[in-house]
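Only one chain is given next, in structure tokens, and it is the form predicted alone.
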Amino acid sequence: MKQALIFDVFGTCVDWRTGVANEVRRMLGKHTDPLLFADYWRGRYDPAMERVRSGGRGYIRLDILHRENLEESLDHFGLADRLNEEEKSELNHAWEKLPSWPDVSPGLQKMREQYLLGPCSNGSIALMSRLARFAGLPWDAIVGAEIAQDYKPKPEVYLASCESFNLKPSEVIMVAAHNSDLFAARDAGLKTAFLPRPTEHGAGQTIDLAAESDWDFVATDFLDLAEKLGGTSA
């Protein structure tokens, strides 16, 4: 076994929109549209990380950024006083309770027969560990943003993940349902695999419905990817 697969997680491995909305519905369902709230909360994700990527603030774990973004989201929906501090902390753990897409766990088990597996996510080690338990993600190690002390799509995140497995970038395949993630990974020297998640953002999704470049592998789901990868590991 000489190669590793590293994975985007939010959207590629797990259905963040449904999972977050389920927790919002449980705690705030009478007061807001759970899916609308989930979309707004997620929408604060990239701007919050950009301040770190651009040097506007030092690295801070995604758990804390999620909590800051939750406060902003509650303010936006006029719900700032609806939850106490303990309840806000509980709701922030929604990101650790996201269901995997149906093909993910069986697909990962097949890929794990030949490859080392790990998440290359912007999520922290703590978040990824708990999410792996909840969603049945059989990682060999947790790599990604916290190891690099930065956020994707900075090349340091992909390179630190490869280094953690003691592999060259060319020996590692980045798997994602987001073309932008794969462009960045390829620029860092990694191999790439794309598969679509056409309902990640709901029924009206218009982005990442198809491969936008000649990625090394293009699959329909994790089981299809496992088949296509089957004979390529050294």
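Model, not experiment: these values are computed from the prediction. In this text, residue numbers run from 1 along the sequence as written.
We do not show the form predicted in complex with another copy of the chain, though everything after this point is about it.
Residue Ile142 is the only one of Ile142, Leu91, Ala145, Val104 with a heavy atom lying within 4.5 Å of another copy of the chain in the predicted bound form. Using a 4.5 Å heavy atom cutoff, none of Leu98, Ser100 and Ser180 lies near another copy of the chain in the predicted bound form. Heavy atoms within 4.5 Å of another copy of the chain in the predicted bound form are found in exactly one of 185 to 193, 28 to 36, 166 to 174, 204 to 212, that being 166 to 174. Although the partner is absent here, Arg112 lies within 4.5 Å of another copy of the chain in the predicted bound form, judged by heavy atoms.
Mapping the unseen interface onto this chain, Ile125 counts among the residues with a heavy atom inside 4.5 Å of another copy of the chain in the predicted bound form. Although the partner is absent here, His76 is not a contact residue: none of its heavy atoms lies within 4.5 angstroms of another copy of the chain in the predicted bound form. Among heavy atoms of Arg61, some come within 4.5 Å of another copy of the chain in the predicted bound form.
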